[in-house]
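Next up: a single chain in structure tokens, the form predicted on its own.
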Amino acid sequence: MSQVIAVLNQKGGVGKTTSAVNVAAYLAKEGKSVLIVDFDPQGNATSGLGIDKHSLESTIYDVLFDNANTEAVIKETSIAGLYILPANASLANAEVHLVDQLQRELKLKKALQNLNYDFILIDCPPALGLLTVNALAASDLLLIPVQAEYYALEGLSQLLSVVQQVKQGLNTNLELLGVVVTMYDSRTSLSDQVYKELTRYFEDKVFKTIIPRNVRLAEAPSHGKSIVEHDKWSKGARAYKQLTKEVLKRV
């Protein structure tokens, strides 16, 4: 049985895709078989792993609506053991098309149910619509990246309320794996305040590993690489390696 982890925050630009891609890459480096499901119409996880999202013959959209075979759409990446179910802008139409579908909240769960990987990480869209509900309904665990900035906690209560509704109505097994602080700047007291505030609220669910602001992390996607390929000695790489060890312990 695969462990399915949704990586979610409805705010954009908090390091969600960066976290999904790099935790997946380090899990693969640990010898695990890992699938990333790019469930964000921006397709950043797809391009961030070196796949041209504009020239794809089929994507996750085709799996959801055209009954394309999931295995046939999955692509290998340059990291051994790491695969991706890609996405591009076509997924933006999914919300509209899902509305009148039978069991519309369970389409992704059905698409993933017969896959055989140690881990499946779903890179969710930065929104709380039907795509995100599908991701939560299909997942065992939830990983929330939170940016160390002033408005970080705003919107988290809304996110947790949606998670609670999914847990009650669609997926009683869904659990919070943890909250990871991203884009941490040790030069500001604000970053420290955000970390303390999160710890007060989530207690031991906050990962001890903090992801720093790091130029090499920011550069890696433009080269179509994870941080482990781009610069494995950088501060960002060391942080994600450490975070992955924590994830494995909790799982």
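In case it trips you up, residue 1 is the first one in the sequence shown, and so on. Just so you know, these numbers come straight off a predicted model, no measurement behind them.
Here the subject shifts to the form predicted together with a small molecule, a form of this protein not shown in this document.
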Q) Which of these residues, Ser191, Thr70, Asn214, Ser47, gets a heavy atom within 4.5 Å of the small molecule in the predicted bound form? A) Asn214
Q) Pick from 192-200, 55-63, 25-33, 206-214: which stretch has a heavy atom within 4.5 Å of the small molecule in the predicted bound form? A) 206-214
Q | Touches the small molecule in the predicted bound form: Lys11 (any heavy atom, 4.5 Å) | A | yes
Q.
With a cut-off of 4.5 Å between heavy atoms, is Met183 one of the residues that contacts the small molecule in the predicted bound form?
A. yes
Q: Report whether the minimum heavy atom distance between Pro41 and the small molecule in the predicted bound form is within 4.5 Å.
A: no
